[in-house]
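Only one chain is shown below, in structure tokens, and it's the form predicted on its own.
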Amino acid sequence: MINFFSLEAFKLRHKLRAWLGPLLIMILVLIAFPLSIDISQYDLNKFYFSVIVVSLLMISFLATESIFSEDYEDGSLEQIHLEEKDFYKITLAKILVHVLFIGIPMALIGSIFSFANGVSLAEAPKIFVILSISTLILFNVFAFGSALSINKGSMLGVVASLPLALPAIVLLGRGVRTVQYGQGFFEVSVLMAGVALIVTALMPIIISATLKTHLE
């Protein structure tokens, strides 16, 4: 498992476009939104979190859209299948590496922008925790969509993964409201962490089976 993690970290670290592109897009979205409206007419603090949530959903999909396609095209997946007979380790390693290189920075960017738009400094770490857990869930879900549509077009992945992502968005929205209203954060964050751990344990099994069907 450690070898797979190190290999995937090395590969992603040297693919600048794969991890830096989504982060720059998220920054662009969060900067462009306040500039696109007359902020003097709106209380931006009340709905800026909605922009963060939507951008998190969109960038999570973009970041995982090609998570398996390169290995599928160059034959790496087939070689791993012949050697390991199981994709669980490589799938889990890919998801965790993407969360580390893209998901956690996305959460940091979201928390910084939330602070810049009225959230107190003491509440910003709570936003970071909620967004980090949400990226773990979303990356697992969209990785499944990517595996499902690896040679069938990305639209199939969108159709399959969006219904699964909606509960994560509901939890994220609930977590954001606990920060806004100042109560229930611990309970919601524990619930989200539990869901994230379950999804992270089970989704690679489903993805592994999906990848096998493409090779057999």
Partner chain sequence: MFLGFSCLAMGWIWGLAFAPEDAIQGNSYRIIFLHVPASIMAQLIYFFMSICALMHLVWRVKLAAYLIKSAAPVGVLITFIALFSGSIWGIPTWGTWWQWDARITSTLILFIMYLGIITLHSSFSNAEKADRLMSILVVVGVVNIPIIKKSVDWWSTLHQPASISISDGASIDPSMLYPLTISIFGMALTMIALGILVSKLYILTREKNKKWVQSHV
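Residue numbers count along the first chain shown, from 1. Predicted, not measured: the structure shown is a model, and the values here were computed from it.
There is another form of the same protein, the form predicted in complex with the partner chain; it is not shown, and what comes next is about it.
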- Item | Listed residue (188, 26, 179, 148) with a non-hydrogen atom within 4.5 angstroms of the partner chain in the model of the complex | 148
- Only one of 49 to 57, 179 to 187, 162 to 170, 26 to 34 sits within 4.5 Å of the partner chain in the model of the complex by heavy atom distance, namely 162 to 170
- Task: Using a 4.5 Å heavy atom cut-off, state whether residue 195 contacts the partner chain in the model of the complex.
- Result: no
- Message: I'd like to know if residue 144 sits close to the partner chain in the model of the complex, meaning any non-hydrogen atom pair within 4.5 angstroms.
- Response: yes
- Task: Consider residue 62 of the chain shown here, and say whether it contacts the partner chain in the model of the complex, taking contact as heavy atoms within 4.5 Å.
- Result: no
- Query: Might residue 2 be said to contact the partner chain in the model of the complex, defining contact as any heavy atom within 4.5 Å?
  - Reply: no
- Task: Would you mind checking 187 to 207 for residues with a heavy atom within 4.5 Å of the partner chain in the model of the complex?
- Result: 206
